[in-house]
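Shown here is one chain on its own, the form predicted on its own, set out as structure tokens.
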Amino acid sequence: MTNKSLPPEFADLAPFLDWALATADERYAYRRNASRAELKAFYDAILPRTEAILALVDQYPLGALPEELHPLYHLVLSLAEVAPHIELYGGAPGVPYAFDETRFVATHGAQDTALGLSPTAA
């Protein structure tokens, strides 16, 4: 459950607010734990609204997006995380025929990794 909200014109996307995640690690972890059906439902809901979302957020300079639009922006970032899994991988939450992607640990400055490791331990 989330306490995030969306502008009224995007209220139909509220069931997907759990996907409005601020970091790449959060989006990656959420995608990995989603089912094929959840990925497809999210993709089908957000993709047709992407142009309208980007038109809205593009009204603001980089770094000046109002706080109330962050969840909407994060939904589009999650779509970028999910789209290859629908369009290329048959809806699989993981990457088929590849190394287990959990073996690749991304570090982002001083943030803990998606696996909960400190950057120095990754």
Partner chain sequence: MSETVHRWMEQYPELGSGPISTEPYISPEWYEREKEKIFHKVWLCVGRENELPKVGDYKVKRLAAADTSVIIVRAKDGKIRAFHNACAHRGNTVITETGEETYGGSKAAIMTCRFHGWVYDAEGQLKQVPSEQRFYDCFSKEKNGLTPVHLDTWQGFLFVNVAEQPETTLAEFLGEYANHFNGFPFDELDFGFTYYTYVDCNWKVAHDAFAEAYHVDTIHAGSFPNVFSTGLQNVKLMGPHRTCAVCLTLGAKPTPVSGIANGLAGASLVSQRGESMLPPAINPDKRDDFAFELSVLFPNTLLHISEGIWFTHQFWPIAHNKTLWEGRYYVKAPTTHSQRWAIEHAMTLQRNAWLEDTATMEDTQRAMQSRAKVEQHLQDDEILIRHGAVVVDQFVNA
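Everything numeric in this text was worked out from a predicted model, so none of it was measured. Just so we're on the same page, rigid core means the largest C-alpha set that superposes within 1.5 Å between forms. Residue numbers count along the first chain shown, from 1.
Heads up, the form predicted together with the partner chain isn't pictured, but that's what we're talking about next.
- In the predicted complex, at least one heavy atom of A98 sits within 4.5 Å of the partner chain.
- Under a 4.5 angstroms non-hydrogen atom cutoff, the partner chain in the predicted complex lacks Y30 among its neighbouring residues.
- Taking non-hydrogen atoms only, A41 never approaches the partner chain to within 4.5 angstroms in the predicted complex.
- When the partner chain is considered in the predicted complex, E87 lines it closely, a heavy atom lying within 4.5 Å.
- Once the cores line up, the CA of T23 ends up less than 2 angstroms apart between this form and the one not shown.
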